[in-house]
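Okay, here we've got a single chain as structure tokens, the form predicted on its own, with questions on binding and movement later.
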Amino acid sequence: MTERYDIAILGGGPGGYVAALHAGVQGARVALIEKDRVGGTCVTVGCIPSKALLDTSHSYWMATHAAVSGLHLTGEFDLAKAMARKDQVVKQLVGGIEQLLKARKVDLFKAEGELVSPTEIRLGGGDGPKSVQAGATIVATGSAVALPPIQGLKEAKPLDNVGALDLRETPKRLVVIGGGVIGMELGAFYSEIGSDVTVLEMLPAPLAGSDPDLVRLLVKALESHGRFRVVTNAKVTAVERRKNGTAAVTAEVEGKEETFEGDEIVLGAGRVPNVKGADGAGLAMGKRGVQVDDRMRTSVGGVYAIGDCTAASFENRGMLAHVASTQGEVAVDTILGHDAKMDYDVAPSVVYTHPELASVGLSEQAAKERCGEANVKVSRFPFRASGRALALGESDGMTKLITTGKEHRIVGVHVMGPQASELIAEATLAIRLDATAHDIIATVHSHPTLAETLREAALVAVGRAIHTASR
């Protein structure tokens, strides 16, 4: 038995399910194949559960460190209850996605899928059809946790993002291998609820690809909390799980061997593309996944690929849920004959530590390489000069604006500070609309708000600074 559709999608993560909804609302007949829960890594064991926990841990840390504000609160962090709340948030979102799929008349097949031709996905298990056929197929198979080739690592049973988001007791000591986004966020969470956290990063700085000035400020802010430490230039060579249950992580740090002990180990070394189910379809592959163009077309006619399984996601903005979702919309629009393509310069990225780190557009270095150093102006406004940040008691960080030419066109914005994940939206729209610093200045911002820091940075860019002496 074979079902026929306009579009068949292999994978129900933030790329796949959004593509299905986007196609369904336009009247296409859609099949979505997902072996686990819809929402994928992002909704079930990644973005959403980690943010639910991080917001809880930050509330706890702020409440127990607010004596200066007149709050004298004590108490233990109930990790089991926090995890239960996280699970409820995930359950609610998964249920909501399933209802939306029904409303858009998308057929959801909970089964293993294998792309056997450009027009057919074979289904494994279950009592339903053995395959689905479609005029076009979208591969959205996501990514998997990267397991570095470190002696004894697998045997030591480290926590990946799934395990680290499901502990019921707070470890006294936590060693994080890798200072990428996952490692820094999980480390920040556990440090705020009482763990002594050590992040081991092989490179000279964590969060590779982020603005180096703001990364330094972020590390300083996190370490000032007292339970968070980042060790850079640390190449982990061996891991051992001892008989008493603790772990010893050996690393070469600045040419010297050091041992770091922890009750738990967390893998924060990133993720790798998962192409299971499409690996026999003859798709051209790059070093970091399926090769696609800016309309998400693969090398095989009628087959598209989106999200973490594509090389484009990693090469442009990293593996991000909102990039996958946008790619899904672009793929569907291309299939349905609309003019759509990806623009990665207007795809923001966020690190949800406390403070947060967010960016969009070009880095300072990329702007100088692309536009010429003489044409680039870098302007900064510190959060310590923001009335709203001071009132919040969170004045670490700055907003950094990168403009080009005499008109001060905005090509990049980088924010390290409170609620940077929300502030970056205005910056993203500014770049999308090809706005200048003058446009930001002419836009009235509510006072007092954190968003004023972007306008203040724009004032610095044009030499009219008001609330800072910067020029």
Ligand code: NAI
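All residue numbers refer to positions in the sequence shown, first residue = 1. Keep in mind the model is a prediction, meaning the values are calculated, not measured.
As for the form predicted in complex with the ligand, it is not shown, yet the points below apply to it.
Among P382, G180, G262, G277, the residue placing a heavy atom within 4.5 Å of the ligand in the predicted complex is G180. Taking a 4.5 Å heavy atom cutoff to the ligand in the predicted complex, the contact residue among R295, K235, R241, R388 is K235. Of the heavy atoms in H354, none are within 4.5 Å of the ligand in the predicted complex. At a distance threshold of 4.5 angstroms between non-hydrogen atoms, G135 is out of contact with the ligand in the predicted complex. The closest non-hydrogen atom of E329 lies beyond 4.5 Å of the ligand in the predicted complex. In the predicted complex, the ligand stays beyond 4.5 Å of every heavy atom belonging to E192. With the partner omitted here, the stretch from 75-83, 391-399, 214-222, 263-271 that lies within 4.5 Å of the ligand by heavy atoms in the predicted complex is 263-271. Residues G318, M319, L320 are the ones in 304-320 with at least one heavy atom within 4.5 Å of the ligand in the predicted complex, listed in sequence order.
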